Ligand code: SAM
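The chain that follows stands alone, in the form predicted alone, written as structure tokens.
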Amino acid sequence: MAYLSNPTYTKAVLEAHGFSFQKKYGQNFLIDGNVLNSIIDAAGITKDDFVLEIGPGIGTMTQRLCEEAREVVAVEIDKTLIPILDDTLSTYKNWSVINQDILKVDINKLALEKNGGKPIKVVANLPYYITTPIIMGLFESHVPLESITIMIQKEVADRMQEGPGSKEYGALSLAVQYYSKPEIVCEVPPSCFMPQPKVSSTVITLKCHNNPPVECDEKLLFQIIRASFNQRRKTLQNGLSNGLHYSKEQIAEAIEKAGFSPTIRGEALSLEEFAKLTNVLKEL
């Protein structure tokens, strides 16, 4: 039975193994059972599911995942945590661990081997410093995904839901909304972790689209989005002129044909409007 969300047990396990937190890995272990339950409930894990967990730590969430899922593969970069996982997960038979950087793992291959290429569920308490690269890596590599349920910095979760006109709105907001529907599960104060982070966290579920909500050339769409937000203070026209392999005249023509003002900035466009511009530019 899962027991590690109790801080007393967490301390005992860490002391028994002589574990030292490593700042470079952004390690903050969850010690609140209610938050853990919220994550598991939001992920909607069933006995049919293969689950990929990123950053299992000492196995707090892994224990619960093993109880709910058909199979769990945990990816952990810190080799000193592997013997601890072997200990805390010793009573479970449906798990394995990959001691590697998640950004270097071939998740498409893993999904094929473990789930027949069908969509998988990802659950994670992500280190703040690497949240965006992990999420974008999952999306851009077109891993078959059903959902991603993650604990991340509150500020990043807020950015994922923002719309046009907000200063927090940007490339991450558009990418998350292109690939999924973000839903906030709960906010989590620093006191729910060991050691306590300096910022608040949020649990968010990204329910992945079977098909994107807009139709356009995906590669060009994100080239346009990135160029639009690389220099936020510039107009859309100037930003795209610096960031795309189109002439200034072509970009000006596309913006006009799409029905936008020549002085509009990228942060004012919705996902649908970026898609419209992509389709116009593609035809030039």
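All residue numbers are counted from 1 along the displayed sequence. The structure presented is a predicted model; accordingly, all values stated were derived computationally and were not measured.
FYI, the form predicted in complex with the named molecule isn't displayed, but the following is about it.
Examine residue 55 and determine whether its closest non-hydrogen atom to the named molecule in the predicted complex is within 4.5 angstroms.
-> So residue 55 counts as contacting the named molecule.
Is residue 156 a contact residue for the named molecule in the predicted complex, using a 4.5 Å heavy atom cut-off?
-> Output for residue 156 is no: heavy atoms all beyond 4.5 Å of the named molecule.
Report whether the minimum heavy atom distance between residue 143 and the named molecule in the predicted complex is within 4.5 Å.
-> No, residue 143 sits far enough from the named molecule in the predicted complex that none of its heavy atoms falls within 4.5 Å.
Does the 4.5 Å heavy atom contact test between residue 78 and the named molecule in the predicted complex come out positive?
-> Output for residue 78 is yes: heavy atoms within 4.5 Å of the named molecule.
Location of the named molecule contact in the predicted complex, chosen stretch of 227 to 235, 250 to 258, 23 to 31, 42 to 50 [non-hydrogen atom, 4.5 Å] | Comparing against the named molecule in the predicted complex, the contact stretch is 23 to 31.
Identify which of 208, 126, 111, 185 has a heavy atom within 4.5 Å of the named molecule in the predicted complex; exactly one of them does.
-> Partner contact (heavy atom, 4.5 Å) among the options: 126.
With the named molecule left out of view, which of 97, 130, 214, 172 would have a heavy atom within 4.5 Å of it in the predicted complex?
-> Residue within 4.5 Å of the partner: 130.
What residues of 85 to 112, in sequence order, lie within 4.5 Å of the named molecule in the predicted complex by heavy atom?
-> Those in contact are 100, 101, 102.
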